[in-house]
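A single chain comes next, written as structure tokens; it is the form predicted on its own.
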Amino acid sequence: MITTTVGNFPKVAEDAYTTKVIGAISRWQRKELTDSELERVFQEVTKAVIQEQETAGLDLLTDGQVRWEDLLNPIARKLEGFEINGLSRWFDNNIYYRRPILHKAPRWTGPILVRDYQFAAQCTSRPLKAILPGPYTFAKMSEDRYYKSEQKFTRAMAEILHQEAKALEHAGAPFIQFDEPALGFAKPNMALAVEAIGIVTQGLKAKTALYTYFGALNGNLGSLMRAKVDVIGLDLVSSPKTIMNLKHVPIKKTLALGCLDGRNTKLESVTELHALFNVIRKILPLEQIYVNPNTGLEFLPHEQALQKIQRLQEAVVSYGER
């Protein structure tokens, strides 16, 4: 089993980082920090987050997404056609994001995340994955005042995210993850989501993944297996029935299984994780499985987030030694 995280890491870490991201951003907004000084803060915390993942023993790392306000804004702010609105609720969680509003045809004018990815990749010798919002979630969580069509907007975002993914691949990303939490809520248009992810990943040589989290797939697992990606990420915590559904769906992909609760400070035991691994291995060979928390760790206290990834690695190593 390959250990990884879904993406984000706590930005607030008492005594862990010598600089605090949230405070630095506030100071920058008050013009008490320059752009270059804020960038140094981001770089310092990125290095620290990567070091923590290395120390924990994770196999596939992320940069902790310390620069990200939410899943959409790092991309939306750099595209032509969008303005960023006030706070909106993120699905049914007590989390908020700034809703992008599309006023004209969106246009990608050049790489958005490449510089940040290259910096993070230089901080480790281990594989570092790049993360992007999925096109379906991007369209679903934005306000479309231009196309006024879910299909047209989603396909347009798929073309744009394909360009960004190609730029990240060219920059050396060996693994690109597309986050599609919208697939777990209400009645998603799975045909459109699968079509869009096919546009995004077309021609990519990097390994690709589609991650779902927060909600339940409600019978759409079979449809998800048709997506043109190498890895499917599933949340086993928010929807425990998912693991039972895996027994009834032909598994055509490598799976990334969310085994720990990224929204709860309670630490899972090694025994609990081993019991889960025992169930999983009856469905799929363990060498075809990634394991990670069920979602990002941003809203956990820093100490508990570290304990989660340490416990995950501990459970995987000890399971292999049995």
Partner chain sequence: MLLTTSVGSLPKPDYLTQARSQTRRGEMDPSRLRQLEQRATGEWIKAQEELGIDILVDGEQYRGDMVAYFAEHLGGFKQSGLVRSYGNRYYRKPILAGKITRPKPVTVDWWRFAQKQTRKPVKGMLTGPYTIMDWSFNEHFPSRRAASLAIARVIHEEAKDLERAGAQYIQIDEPAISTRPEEMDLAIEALGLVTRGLRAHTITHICYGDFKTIGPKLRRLPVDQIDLEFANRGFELLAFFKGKRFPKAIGLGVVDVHNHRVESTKEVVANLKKALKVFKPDQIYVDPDCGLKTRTPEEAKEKLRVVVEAAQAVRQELMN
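Residue numbers count along the first chain shown, from 1. Every value quoted in this text rests on a predicted model; they were computed, and no experiment measured them.
Although not depicted, the form predicted together with the partner chain is the subject of the following passage.
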I'd like to know if residue 119 sits close to the partner chain in the model of the complex, meaning any non-hydrogen atom pair within 4.5 angstroms.
no
Given that the partner is absent here, does residue 109 sit within 4.5 Å of the partner chain in the model of the complex, heavy atoms only?
no
Consider residue 103 of the chain shown here, and say whether it contacts the partner chain in the model of the complex, taking contact as heavy atoms within 4.5 Å.
no
Contact with the partner chain in the model of the complex for residue 263, defined as at least one heavy atom pair within 4.5 Å: yes or no?
yes
Within 4.5 Å, heavy atoms only, one stretch in 89 to 97, 217 to 225, 193 to 201, 247 to 255 touches the partner chain in the model of the complex. Which?
89 to 97
Is every one of 270, 311 and 319 within 4.5 Å of the partner chain in the model of the complex, counting heavy atoms?
no
Heavy atom within 4.5 Å of the partner chain in the model of the complex - the one residue of 51, 26, 278, 288 that qualifies:
26
